[in-house]
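Only one chain is shown below, in structure tokens, and it's the form predicted on its own.
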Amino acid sequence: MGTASLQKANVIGLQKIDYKGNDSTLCAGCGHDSIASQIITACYEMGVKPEHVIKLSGIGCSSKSPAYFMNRAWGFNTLHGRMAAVATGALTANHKLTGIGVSGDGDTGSIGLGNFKHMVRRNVRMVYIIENNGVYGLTKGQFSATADVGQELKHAGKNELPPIDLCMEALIAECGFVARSFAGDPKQVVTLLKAALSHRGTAVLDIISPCVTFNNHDDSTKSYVWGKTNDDRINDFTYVPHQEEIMVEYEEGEVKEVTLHDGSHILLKKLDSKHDPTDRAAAIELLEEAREKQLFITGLLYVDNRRPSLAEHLRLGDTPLALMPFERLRPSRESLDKILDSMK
């Protein structure tokens, strides 16, 4: 009996192998491969239908990642820095699709920064993953916009410019879901991905993903060593899918057993919270403190699900524009004549 036949089917009857992509051509040990693996796990465990997913990317090592997960999904590899703009168009034409965009620190923080900011401002409903390693790995290791001040690379010399914090940029643009994680922490990445996939609008997930070829020096904040020794989690949580709410009351330090919807049990222990992820000002202050002290903060920085998505704002309705018949999309001659007459 093969391995595939032994895998447990998820809630829509698919096995984990049904979420696989092509074999990776990235460097062995690249953090991007770990992220692709966690996308597979998150979508499999949540029962996401691959045929209802559109994968998008730009240019760079990170933008090869969509080839390594969900071959059954739709895909679009765009121009350098233009993934956010193409995603906006694609998910306006068919707002029923689940958008998963994979970008890099150069693709998002340099040439694509304007596109990124406007996509967040419009609140396009999609998961926007930044595979952040501080270098242009595909073009031999030049500094990117997120490179550390004073960072030295063999061929690029010393970086004298301050880094752009892409989580801060997302917060300033009023993104409703902003999180940071580390590719070497698959458990946290999966949990944040599940929460991001359930968000109402744009969900930005900045994942530090070490480049093992050009930027894995111990003093780099984008390296495995730094990530594993300096990771300061601001919260620890488990994603729970939307069902009828389970209410519990218990005190800090108390352990409480709760029965979940599937009949399983979970033990809850209330911890003192370091950070309130619903407080936008606190998230901005936390990132500023992290920048000054060069701290590596991971977890859910900010979440606000109240703001309507672009599709809701445009009142696109139940039928996607891409699936509407031509006669519904094209105004009639009578309506055009009425508009023209009103302008006389």
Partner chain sequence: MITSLQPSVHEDALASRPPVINDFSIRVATKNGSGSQTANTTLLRALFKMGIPVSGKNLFPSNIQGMPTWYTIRANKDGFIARRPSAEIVVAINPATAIEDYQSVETGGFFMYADDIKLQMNRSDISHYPIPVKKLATENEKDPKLRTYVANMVYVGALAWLLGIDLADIESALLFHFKGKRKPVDSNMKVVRQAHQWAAENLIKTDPFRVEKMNATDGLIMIDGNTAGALGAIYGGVTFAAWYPITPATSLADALNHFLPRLRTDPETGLPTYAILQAEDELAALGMVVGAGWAGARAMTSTSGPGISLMTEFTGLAYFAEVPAVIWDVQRMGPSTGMPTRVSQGDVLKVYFLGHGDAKHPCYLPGNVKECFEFGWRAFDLAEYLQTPVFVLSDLDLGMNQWMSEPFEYPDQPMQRGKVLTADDLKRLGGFARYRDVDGDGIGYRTLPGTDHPLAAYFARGTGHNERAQLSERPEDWENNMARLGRKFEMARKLMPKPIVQRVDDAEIGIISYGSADPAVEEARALLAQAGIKTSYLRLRALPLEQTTTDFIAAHRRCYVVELNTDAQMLQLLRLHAPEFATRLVAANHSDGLPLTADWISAAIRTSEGTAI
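In this text, rigid core is short for the largest set of C-alphas that superpose within 1.5 Å between two forms. Values in this document were obtained by computation on a predicted structure and should not be read as measured data. Residue numbers count along the first chain shown, from 1.
One more form of this protein should be noted, the form predicted together with its partner chain, which is absent from this view; the next part is about it.
Heavy atoms of no residue among Ser144, Ala290 and Tyr302 are located within 4.5 Å of its partner chain in the predicted complex.
In terms of contact with its partner chain in the predicted complex, the residue from Asn159, Asn71, Ser198, Ser110 that brings a heavy atom within 4.5 Å is Asn71. Listed residues Gln151, Asn123, Asn115, Gln188 were compared with its partner chain in the predicted complex; Asn115 is the one with a heavy atom within 4.5 Å. Note that among 291 to 299, 27 to 35, 43 to 51, 277 to 285, the stretch whose heavy atoms approach its partner chain to within 4.5 Å in the predicted complex is 43 to 51.
In the predicted complex, its partner chain lies farther than 4.5 Å from every heavy atom of Met168. In the predicted complex, its partner chain sits within 4.5 Å of a heavy atom belonging to Leu329. With a 4.5 Å cutoff on heavy atoms, Pro308 does not count as touching its partner chain in the predicted complex; it lies far away. When contacts are judged by a 4.5 Å heavy atom cut-off, Lys8 does not count as touching its partner chain in the predicted complex. Of all the residues from 328 to 344, those having a non-hydrogen atom no more than 4.5 Å from its partner chain in the predicted complex are Arg328, Leu329, Arg330, Pro331, Ser332, Arg333, Ser335, Leu336, Ile339, Leu340, Ser342, Met343, Lys344. The Cα shift for Asn22 between this form and the one not shown, taken after rigid core superposition, is smaller than 2 angstroms. With the core held fixed between this form and the one not shown, Leu336 has its Cα displaced by at least 2 Å.
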